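Only one chain is included here, represented as structure tokens and corresponding to the form predicted alone.
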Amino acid sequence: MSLDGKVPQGPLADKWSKHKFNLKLVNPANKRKYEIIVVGTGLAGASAAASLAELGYNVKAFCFQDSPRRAHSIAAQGGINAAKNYQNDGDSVFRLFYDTIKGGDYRAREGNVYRLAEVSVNIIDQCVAQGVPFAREYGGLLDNRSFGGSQVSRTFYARGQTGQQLLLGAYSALNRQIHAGKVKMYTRHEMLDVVVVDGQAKGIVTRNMITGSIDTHAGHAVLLCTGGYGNVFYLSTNAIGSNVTAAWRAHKRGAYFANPCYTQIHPTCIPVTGDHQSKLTLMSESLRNDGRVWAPKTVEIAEKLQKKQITAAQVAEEDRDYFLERKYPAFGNLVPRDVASRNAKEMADEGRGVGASGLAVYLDFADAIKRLGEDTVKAKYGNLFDMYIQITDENPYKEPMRIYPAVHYTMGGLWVDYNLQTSVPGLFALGECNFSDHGANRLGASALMQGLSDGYFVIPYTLGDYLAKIGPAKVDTNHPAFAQTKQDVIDHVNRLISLKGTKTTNEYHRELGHIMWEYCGMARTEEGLKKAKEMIQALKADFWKNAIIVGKNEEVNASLERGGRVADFIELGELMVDDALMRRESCGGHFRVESQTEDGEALRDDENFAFVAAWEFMGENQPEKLNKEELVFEAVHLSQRNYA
């Protein structure tokens, strides 16, 4: 089936403005008649809940953490993009749009991406008004720095804590509405299903994570703001609790899942040290402004470094390969993440990696410290350096950081149209939970931009249009669909509780992660993907036979919570493999070894794969149906990405 993204007609620069005018409105007196459910309280969820409540809607907000401010958005480090052109270096809305489309390897909708760039300038004003302490120049003006895939400085930042400061701004706005009685906050509640009534989303089923109570909640619309699914790889930079369950359960109720194989591998993460680890730590992309990435030129030198026979400082300048600067002189160390990650992997594959495992390259600040002074570097990156020291017991002021790619973000997600509505009417998806803005590779500092764009400036308009059309008739949890969906959840929970095998769900999660990283990670082949599918199917069968869930439902039960999430990850993993198998091209973060240029770069197939792959759930243990949304490009010319 061919999908309609509902992108407005007309010139690119006018689409959003005209669309806003054409959307139906809900008058202020009627807004109080509507109930809106928001699931997730990160940047997208908190900003949406606060904005909708400010408009007069009644909002119920849910999160599984003990406080909205513990959402994973708080972990974002480097910054947020906006086309303000404060540096007078040639930036513009169109340039931000073009960099984002190109960075995503031409696999995103033009209309959505241009709107994101257009709205970006408003986000900064909104956040400054909230008191977000962005870095400022000596004269008091807001400062900017550069991120990958761009040749201008457009990234606003608050040291290495930008996500935390932005979330505190959204959290303060949310708290104001909680205090005003317009938002009812449900902490420690996990959404386990969507209630669909006559084809429309009308509520959710949740589990109280303290008491185990399974409850239903009704609303005129449901907004999913639940983040990405990077933890399908087990080891990622995501918080341990980050999961796909809300989005996956919505998928099984009819919401299409788009481009699931598009996952982002971030090039600057602290390398894996062993099987004892449960997560990885990001080192912000902002460090590539001043840090230089290099590997030894020969395997012999690399082996000496691995065995600690020599130190990095003892490697002569002529024996160092600054491979990003060498291969991509125009962008240097600030190439997009997918490009930097593949090149780091290439160094390790050639035997030129460093560290005990050989799975690392260096990020060196010696030149920056010499040029700027240690105090200046400390002022810019001090908290990131401190984090690195605490984790590795190595001093990056004196020796290079060791970095290696790791799973960080997911560009895939629930399919949404231009209004952020999924294929289920009344069910909307915002932020990383949807697929819409980043194509096959997200540029650095664009995740925060999308989350706040969707929450503050898009959904207040587009949701109103939907509500005006359906009217404010009361939604009642006494409808049979609520009882049936609740029973489905109870049955699923009981099935999990009944598992009394010998393997923990954490063991299954780790095994799944190994399969995904090995066969559906940075490099993918047809043979490997087919093998992965068989392995995941076997893992799923074994999970439901031999997994163990301890305790009972009517209590705090982390084993039960993890079991449900891992079961969903296993099913998602199979769909990701199917998606990667279907897409017989390389684009952005999806690198098929069979499809590459002579220089080893991603080789797209625009004739056959310039579309969004939106997968439709067809029933348990049934192959999913592929629906396509053709991508139409009017403002940009499709070309092979070149950052040299």
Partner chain sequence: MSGNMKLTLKVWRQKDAQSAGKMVTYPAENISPDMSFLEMLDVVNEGLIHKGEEPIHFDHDCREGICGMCSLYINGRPHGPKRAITTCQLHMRSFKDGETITIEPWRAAAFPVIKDLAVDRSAFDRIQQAGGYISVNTGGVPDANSTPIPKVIADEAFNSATCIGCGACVAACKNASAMLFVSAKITQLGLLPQGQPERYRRAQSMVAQMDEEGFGSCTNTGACEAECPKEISLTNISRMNNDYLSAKLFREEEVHHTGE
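Everything numeric in this text was worked out from a predicted model, so none of it was measured. Numbering follows the first chain given and starts at 1.
Below: the form predicted together with its partner chain, not depicted.
- None of 253-261, 108-116, 177-185, 331-339 except one has non-hydrogen atoms within 4.5 angstroms of its partner chain in the predicted complex; the exception is 177-185.
- For a residue to qualify, one of its non-hydrogen atoms must sit within 4.5 Å of its partner chain in the predicted complex; none of 6, 79 and 638 qualifies.
- Of the residues 298, 92, 306, 506, just one reaches its partner chain in the predicted complex with a heavy atom at 4.5 Å or closer; this is 506.
- Residue-level contacts in the predicted complex: of 126, 525, 153, 537, one residue has a heavy atom within 4.5 Å of its partner chain, and it is 126.
- The closest heavy atom approach of residue 171 to its partner chain in the predicted complex falls within 4.5 Å.
- Taking the partner from elsewhere, residue 555 is found to have a heavy atom lying within 4.5 Å of its partner chain in the predicted complex.
- Mapping the unseen interface onto this chain, residue 32 falls outside it, with no heavy atom inside 4.5 Å of its partner chain in the predicted complex.
- Although the partner is absent here, residue 616 is not a contact residue: none of its heavy atoms lies within 4.5 angstroms of its partner chain in the predicted complex.
- In the predicted complex, 456, 457 are the residues of 437-463 with at least one heavy atom within 4.5 Å of its partner chain, listed from first to last.
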